[in-house]
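Next up: a single chain in structure tokens, the form predicted alone.
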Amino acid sequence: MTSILISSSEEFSGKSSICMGLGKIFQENGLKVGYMKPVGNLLIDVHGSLTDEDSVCIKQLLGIDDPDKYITPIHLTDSLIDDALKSVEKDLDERLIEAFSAVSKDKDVVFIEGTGGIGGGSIYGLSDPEIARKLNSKMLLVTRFDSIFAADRILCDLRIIGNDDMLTGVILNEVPENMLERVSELVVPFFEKRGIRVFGIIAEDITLRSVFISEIVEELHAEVLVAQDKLEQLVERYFVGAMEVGAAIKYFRRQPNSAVITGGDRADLQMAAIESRVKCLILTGNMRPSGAVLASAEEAGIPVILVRGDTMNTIEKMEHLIGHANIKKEVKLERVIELIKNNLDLNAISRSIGVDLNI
């Protein structure tokens, strides 16, 4: 059995996607795969028990049946942090090792997902490098290459790791289209001259940054007024309907896979959005639209959702939701697998942890 810890320079870098994608590919090649996220930081209640949202999703998509208490043995709660600050002794190391022993039983490889940034958890002795050392695991670093300063973050991460042999290599993720050439021709050679293996470059992908309308409804605690059966469609971006109707129609038609946020009293913009075949209408201020708007939306199969909050509050939530889109459904997992197969050196990744995929 071997293991690899997927770490990152920052939150929302794509660790979960890489864990899921690599896990599925290794399974397709006949390997028994285990998964754990030692410290859960996205806590949710499942049947009365606290667990981690990423863990639940990956467990389901990979078909793993290990108990939640082993997949995520430690929960990042306020009491855990307070105890760490008060130097209260906990059994965290014992729980970590016991859980790893359980999830690794009869497995060929275990993917371990880090928590937040690489140094998160240092106050209670469970930063990503500390976990990797305790579990005798290699590390793979995923970095969202949003600017050239991501190179600085990677070099700083290496200093945090403190052991060149522990790091197998890096994946440069979500690289903007206009930076791909520069990253390939300048950044990759820069790292490789310093002995840092770059396993591949993955460009920004609109599908992975999209959200399902059902997720918007859940996040905004919204009421669906029409087209309840159309909530499993993807929204790529959103517009705020606060402009003149003629200009709005031009924007809406250029980006049909969009949501439009507007006040419930703006019937003109609502009808323009429906005529332009946007994906959904988000009406703020708890103001219900006219019957004519609802009838038109229902006929077009466009969900209209009503939220209690004002427009600014709704925009803030949408910004966070689209910027931090999760991989919860098969359609996104399929896209992740496609991107990994097309852009990463899978044989190099597998050999770095002592596994031979022969892809």
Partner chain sequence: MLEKMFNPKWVAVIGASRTEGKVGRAVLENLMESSNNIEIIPINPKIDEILGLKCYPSILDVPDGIRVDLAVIVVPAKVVPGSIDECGRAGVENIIVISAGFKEAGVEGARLERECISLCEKYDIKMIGPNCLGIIDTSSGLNASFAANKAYKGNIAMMSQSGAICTVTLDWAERIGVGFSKFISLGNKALLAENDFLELFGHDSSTYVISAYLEGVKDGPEFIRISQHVSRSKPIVIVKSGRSSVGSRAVSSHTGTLAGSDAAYNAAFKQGGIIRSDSLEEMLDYSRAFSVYPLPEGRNIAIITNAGGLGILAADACSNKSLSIASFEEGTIERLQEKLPAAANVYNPVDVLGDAGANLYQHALDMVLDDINVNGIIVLVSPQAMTDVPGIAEMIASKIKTSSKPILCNFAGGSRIAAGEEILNVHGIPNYPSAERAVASMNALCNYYSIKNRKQHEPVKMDSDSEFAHYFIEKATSEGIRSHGLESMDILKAYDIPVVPSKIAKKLSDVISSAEEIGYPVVMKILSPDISHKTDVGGIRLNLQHADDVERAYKSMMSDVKHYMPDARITGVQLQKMIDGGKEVIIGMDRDPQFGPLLMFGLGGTYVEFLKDVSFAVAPISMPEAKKMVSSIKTYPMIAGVRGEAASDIDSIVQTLLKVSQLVTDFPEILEFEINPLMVMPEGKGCVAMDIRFTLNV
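Residue numbers count along the first chain shown, from 1. Since the model is a prediction, treat every value here as computed from it, not as a measurement.
Keep in mind that the form predicted together with its partner chain is not shown, yet the notes after this line are about it.
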Query raised in the report: Quick one: which of 260-268, 158-166, 80-88, 105-113 gets within 4.5 Å of its partner chain in the predicted bound form, going by heavy atoms?
Result: 260-268
Query raised in the report: Looking at its partner chain in the predicted bound form, do all three of 249, 291 and 294 come within 4.5 Å of it through at least one heavy atom?
Result: yes
Query raised in the report: Since exactly one of 175, 226, 99, 220 fits, which has a heavy atom within 4.5 Å of its partner chain in the predicted bound form?
Result: 226
Query raised in the report: Looking at 171, 280, 74, 272, which has any heavy atom no more than 4.5 Å from its partner chain in the predicted bound form?
Result: 272
Query raised in the report: Can you check whether residue 254 is within 4.5 Å of its partner chain in the predicted bound form, heavy atom basis?
Result: yes
Query raised in the report: Is residue 319 close to its partner chain in the predicted bound form, meaning a heavy atom pair under 4.5 Å apart or at it?
Result: no
Report task. Although its partner chain is absent from this view, report whether residue 299 comes within 4.5 Å of it in the predicted bound form, heavy atoms only. Result -> yes
